[in-house]
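One chain comes next, on its own, written as structure tokens: the form predicted alone.
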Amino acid sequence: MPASISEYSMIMPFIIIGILILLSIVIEISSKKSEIIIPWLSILTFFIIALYSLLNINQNEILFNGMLEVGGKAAIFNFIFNLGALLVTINSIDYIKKYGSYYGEYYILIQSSVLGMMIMAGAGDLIMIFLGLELMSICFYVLAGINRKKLFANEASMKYFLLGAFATGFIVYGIALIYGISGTTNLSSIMTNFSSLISNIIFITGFVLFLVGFSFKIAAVPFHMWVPDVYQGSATTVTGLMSTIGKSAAFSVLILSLTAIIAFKTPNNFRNYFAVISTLSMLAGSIIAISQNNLKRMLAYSSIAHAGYMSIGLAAGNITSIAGIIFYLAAYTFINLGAFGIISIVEGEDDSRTDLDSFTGLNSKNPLLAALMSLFMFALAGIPPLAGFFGKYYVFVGAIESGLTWLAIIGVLASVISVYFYLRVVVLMYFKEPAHNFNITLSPYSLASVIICSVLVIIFGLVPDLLMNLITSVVY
């Protein structure tokens, strides 16, 4: 239990989202209009928590005997999670009617997954990481197959569940070995004694298994095989959720695992591991994406490549690179949510119109959507002065400071390759005649969500210090 009023104040985001989940369940049980009430209640709550986290970012404390961290980096991640969930919820209001999943449970699952992410980002103990991970993952498994009548959704959900359970096995076994050697699951104790523990082969094995499990969660090569099918088969809004704030939650844990390296200046014994998965992810993601004709599938491989870019920061393991990863995650969240938002608007009722042919001549049908999609494609390609450029820039600078110039050069080369498939979408929208004749039903909610994303991408691109200074003020 919290010992004082101030401690209750510090854990207020967890209390608020807990109350939201309970209230939503009661509304779902007792009201026939739950699918109308719950999304707006969720939007209001996500906004309050995002704002509260931002305002209390400097109140950094460790509570519950070292089990939970509040403020600092955790607050930054809470801001990203809740703002991302807010945008997904706004986009979902009309989309899930079209998708055939117009249920209040859909929003309760999003709320619960965000609570899991918040626990992961603020975890001070390996058990807390596991609890948060499972809460988030189980919600994602269900959300991937939320429409049981769709064959591809069922396939996506089953694949995600089976491979996710396999990855969890690695994490649990890794935690068991770490506990067996260190005698504790408290992260602070483990990190304090990291320099002596790292000489033990069983501890190293446990730590590597732990990293492998989370490499699956961030969709890094060679643990990426589930990504294309799950992204394509899931509802587009759910894909947006998993590929952005879900990925951010997994990276928040990997950043926690590097605490000893950054805060206590311990040698980065896992540099080679991160460098290898980073190189493989950047090259494989960028090259395979070129051959994709489905836009959701193309963005799935794009997501793998971006996991590689961010992993450069983990290999570098210095303050600049860690701050760069967090900036990258924030920028990538809003860029990708915007891109998936436009796909959800163009998408037909039977999962149709997600292929590239459906986007040919989009400018002649809806110039605003074509312009916004172009903005997100340019940002994903890392073209200045958009937010995507600065995400890569900060990570590459961190790599050079750590003597990993060769890895930064591979990152630049992979970025050059990726420009081809991002710009191909723009060319199809502006310089080709429409391949299919259909009308686009423009949802005002989805459009609002996409416009908010575009504004944030432009602001973080034009004034990157606005976010970067905030992040560097709380990183170690």
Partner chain sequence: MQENLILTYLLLIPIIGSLIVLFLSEEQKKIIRWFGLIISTIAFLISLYAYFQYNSSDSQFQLVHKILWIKSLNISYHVGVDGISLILILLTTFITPLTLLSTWKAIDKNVKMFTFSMLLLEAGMLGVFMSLDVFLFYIFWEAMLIPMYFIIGIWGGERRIYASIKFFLYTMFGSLLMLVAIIWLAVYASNQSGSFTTNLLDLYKIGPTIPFEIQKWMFLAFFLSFAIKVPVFPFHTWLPDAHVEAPTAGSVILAGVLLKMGTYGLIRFCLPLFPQSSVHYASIISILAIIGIIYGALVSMVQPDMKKLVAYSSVSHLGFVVLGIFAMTIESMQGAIIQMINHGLSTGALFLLVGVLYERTHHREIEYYGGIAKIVPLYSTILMIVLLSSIGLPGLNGFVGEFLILLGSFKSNVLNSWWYTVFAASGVIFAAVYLLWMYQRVVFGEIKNLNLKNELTDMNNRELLILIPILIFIVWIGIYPTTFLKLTEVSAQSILQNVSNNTFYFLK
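Keep in mind the model is a prediction, meaning the values are calculated, not measured. Residue numbers count along the first chain shown, from 1.
There is another form of this protein, the form predicted together with the partner chain, and it is not shown here; the text below is about that form.
Considering the partner chain in the predicted bound form, the lone stretch of 36-44, 407-415, 65-73, 437-445 in range is 407-415 [heavy atom distance within 4.5 Å].
With the partner omitted here, the residue from Tyr99, Phe77, Tyr107, Phe396 that has a non-hydrogen atom within 4.5 angstroms of the partner chain in the predicted bound form is Phe396. With the partner removed from view, the residue among Met225, Ile127, Ala263, Ile383 that has a non-hydrogen atom within 4.5 Å of the partner chain in the predicted bound form turns out to be Ile383. Within this chain, Met10 is remote from the site of the partner chain in the predicted bound form, having no heavy atom within 4.5 Å.
Contact check for Glu401: a heavy atom falls within 4.5 Å of the partner chain in the predicted bound form.
Taking non-hydrogen atoms only, Ile29 never approaches the partner chain to within 4.5 angstroms in the predicted bound form. Though the partner is left out of this view, Val426 does reach within 4.5 Å of the partner chain in the predicted bound form, counting heavy atoms only. Contact residues in stretch 416-441 (any heavy atom within 4.5 Å of the partner chain, taken in the predicted bound form) are Val416, Val419, Tyr420, Leu423, Val426, Val427, Tyr430, Phe431, Lys432.
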